[in-house]
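Quick heads-up: it's one chain on its own, the form predicted alone, in structure tokens.
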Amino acid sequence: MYTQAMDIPDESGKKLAVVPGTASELEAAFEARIAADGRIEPQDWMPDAYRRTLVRQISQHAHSEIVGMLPEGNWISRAPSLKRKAILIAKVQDEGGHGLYLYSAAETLGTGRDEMLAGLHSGKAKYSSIFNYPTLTWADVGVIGWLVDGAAIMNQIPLCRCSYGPYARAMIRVCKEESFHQRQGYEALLVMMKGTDEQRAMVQDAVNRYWWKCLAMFGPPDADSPHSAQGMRWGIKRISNDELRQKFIDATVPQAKVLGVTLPDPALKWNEERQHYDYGQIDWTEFWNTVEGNGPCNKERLATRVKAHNDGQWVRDAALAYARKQKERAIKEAA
């Protein structure tokens, strides 16, 4: 989708397209386009640091979509009805598609998919910390839709205006589908909240376990975020971590009231002067511990992902063999 007609390097050693101009002229043209809120395309010259930042961010985003299939995929066989099963299958399939869009966008920067997956499977590359927690009950699936996907949408809508064209275009479809995921999760919770006391307690328990983890999804405070400032200067990132977190809280509190759940933060209170909700302190120690691979399900998630990749090797081999066969047939027919 995003790699057609692009002269970019791959694992076979192809070279980048040669762009005429001195280094200073190329950098000046790049900075001028960024300043004008223009788009950088794969064939355009870009600083190495800009390219590395994009590869890191887009690949980690792709990894998060792929690993994010696992907590919900665990509930497909146990969904409470055929309707819920069909919805969940479609959602998990969407997440897989998001990962493929994003890997394709990252490939336009000259990084092979095998290299990105090797980074994920070795544990070197990171993905969203939220996917290293267990889904204990069916309510967790609804809360992932409402809170986790809701936080993801808040993060991702600004990326539709990212300065790198392939990433921005990929995010348009991703955000549309994530918006549907958020609504279906909220609807599932509304149904449960109209049910039994046990179901309502199940929803509240899931909200209690996921709320603070969702707030951490926006990343560390702006003062402690090593990549945010440069990302915003380049137009990759449009809104800071703390601003996005505040927007998410302000949007979610009214939704929680309609749903009938209590958000587990005693400090959560409307601030008339700021016209925003004040909130308590996030446990960043837990966040960084999970990011570093020591969360409840880090090893389980990674092992499952590696096994799925290895088990699918025969499919990749068969596809390559078929492609070679088709190519050979085309050559014979042309002769």
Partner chain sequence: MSTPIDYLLHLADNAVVLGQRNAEWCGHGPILEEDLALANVSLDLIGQARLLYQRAAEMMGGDATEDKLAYFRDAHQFRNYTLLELPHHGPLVGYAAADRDYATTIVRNFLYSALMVLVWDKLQQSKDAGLAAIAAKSLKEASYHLHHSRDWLVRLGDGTEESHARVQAAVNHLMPYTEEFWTTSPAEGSAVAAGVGIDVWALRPDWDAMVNEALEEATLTRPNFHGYVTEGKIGLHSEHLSYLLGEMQTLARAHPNATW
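Numbering follows the first chain given and starts at 1. Remember, predicted model here, so these are calculated numbers, not experimental data.
Note that the form predicted in complex with the partner chain isn't included here; everything after this is about it.
Visitor: Of Tyr210, Trp138, Phe248, Trp234, which residue is found within 4.5 angstroms of the partner chain in the predicted complex when only non-hydrogen atoms are counted?
Guide: Looking at the other structure, the residue within range turns out to be Trp138.
Visitor: Name the single residue among Ile172, Ile76, Ala229, Ala125 that comes within 4.5 Å of the partner chain in the predicted complex, judging by heavy atoms.
Guide: By the 4.5 Å heavy-atom cutoff, the listed residue in contact is Ile76.
Visitor: Where, among 286-294, 304-312, 47-55, 25-33, do residues come within 4.5 Å of the partner chain in the predicted complex by heavy atom distance?
Guide: Single hit among the candidates: 304-312.
Visitor: Please determine whether Lys83 contacts the partner chain in the predicted complex, using a 4.5 Å cut-off between heavy atoms.
Guide: Within the cut-off, so yes.
Visitor: Might Pro221 be said to contact the partner chain in the predicted complex, defining contact as any heavy atom within 4.5 Å?
Guide: Output for Pro221 is no: heavy atoms all beyond 4.5 Å of the partner chain.
Visitor: Using heavy atoms and a 4.5 Å limit, would one call Met202 a contact residue for the partner chain in the predicted complex?
Guide: Output for Met202 is yes: heavy atoms within 4.5 Å of the partner chain.
Visitor: Whether Arg329 contacts the partner chain in the predicted complex should be assessed with a 4.5 Å heavy atom distance threshold; does it?
Guide: Contact check for Arg329: yes, within 4.5 Å of the partner chain in the predicted complex.
Visitor: If we check the partner chain in the predicted complex, which of the residues in 91-124 reach within 4.5 angstroms of it by a non-hydrogen atom?
Guide: If the 4.5 Å heavy-atom criterion is applied to the partner chain in the predicted complex, 91-124 yields Val92, Gln93, Gly96, Gly97, Gly99, Leu100, Tyr103, Arg113.
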